[in-house]
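The chain below stands alone and is given as C-alpha cells, in the form predicted alone.
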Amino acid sequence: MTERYAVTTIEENPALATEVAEVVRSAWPTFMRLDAIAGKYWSELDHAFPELQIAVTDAQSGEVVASAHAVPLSWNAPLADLPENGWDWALAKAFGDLEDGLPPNLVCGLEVSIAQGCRGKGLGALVMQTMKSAAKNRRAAGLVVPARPSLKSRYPLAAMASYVRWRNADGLPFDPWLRVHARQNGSIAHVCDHAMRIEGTVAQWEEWTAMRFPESGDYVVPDALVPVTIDCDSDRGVYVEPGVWVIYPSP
C-alpha cells in the first residue's frame, strides 16, 4: 500500500490543492457542497491549516487519488460531550479558536474523499492512519471525526441511532465507513443529529437534486442520509444531516 501511494500535505506541496479540490467536488453531491458554514470557511483551510490538509497520490502517475481535511480544536470537556451540530460546529470552532488565539489540543477530521475508480482499495484506512499520525505529531489529546456513514443514504428512513447499531456477522459495523473506523481503533461516541444544515429555495433544491417538489412535505432525495423538508408556502427546503462522532484514543 505505502509503496503504491504517496501521502503529503498541502503545506508540503501547495500545488496539489487544485487536484484535491476536484477530487472533493466529484465525490460529493451538489447540495453537500452548499452548507453555509462550509461556504464561509472551507476555502480558507489550505491557508489556515495546510499541515492538516492531506493528499494521497499514485506513486507512479502522481495523480491525486484521495484527500482528507482536518482542523485543530481547543476542547477541554469530555469527548463524550462533543456537540450535536458536529461537522458545522467543528469547522466554525477551528476558525474561531484561531481568531481567539486558543491553543488547540485536539484534531478533528472533517472529510475523506476518494476518487472514482479508486474506492475499495484501502485508501480510507490509509488516510485515517495518516490523520492519527498527524494528531500524534501535534501531541493532541486525540482525534475525533463527525463521520458520515457511506451507506446511510440507502436507508434514509432509518434513524441514525438505529443504523449505527447494525452489525455484520463478524460483529463489525454494517456500514463500510464505520467499519474502517472500527478497524482503525475508532469507537462510536454518539450520534450528532444536526451535523450539517443546508437550506435553499424550492427551485434550488430542484436544481441540486434533478427532482420536482410540487407540494410541501418530506422527500427522499439521492445521496441524502435523511429526507429533505420542503415548504412550498415559504419557498424553502431544509436538510439537516445527522452524523456520528467517532473518537480515537490519545496517541
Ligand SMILES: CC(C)(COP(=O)(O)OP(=O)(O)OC[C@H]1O[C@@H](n2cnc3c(N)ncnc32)[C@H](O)[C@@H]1OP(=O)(O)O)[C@@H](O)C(=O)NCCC(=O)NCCS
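All residue numbers are counted from 1 along the displayed sequence. Just so you know, these numbers come straight off a predicted model, no measurement behind them.
Another form exists, predicted together with the ligand; not displayed. Remarks below refer to it.
Highlighted residues 164, 194 and 243: none comes within 4.5 Å of the ligand in the predicted complex, counting any heavy atom. For the chain shown alone, residue 119 is a contact residue for the ligand in the predicted complex, at least one non-hydrogen atom being within 4.5 angstroms.
In the predicted complex, the ligand sits beyond 4.5 Å of every heavy atom of residue 104. Interface residue remark: residue 111 is counted as part of the site for the ligand in the predicted complex, having a heavy atom within 4.5 Å. By the criterion of a heavy atom within 4.5 Å, residue 27 is counted among the residues contacting the ligand in the predicted complex. The stretch among 133-141, 88-96, 73-81, 119-127 whose residues place heavy atoms within 4.5 Å of the ligand in the predicted complex is 119-127. Looking at 174-190, the residues that come within 4.5 Å of the ligand in the predicted complex, counting any heavy atom, are 176, 177, 179, 180, 183.
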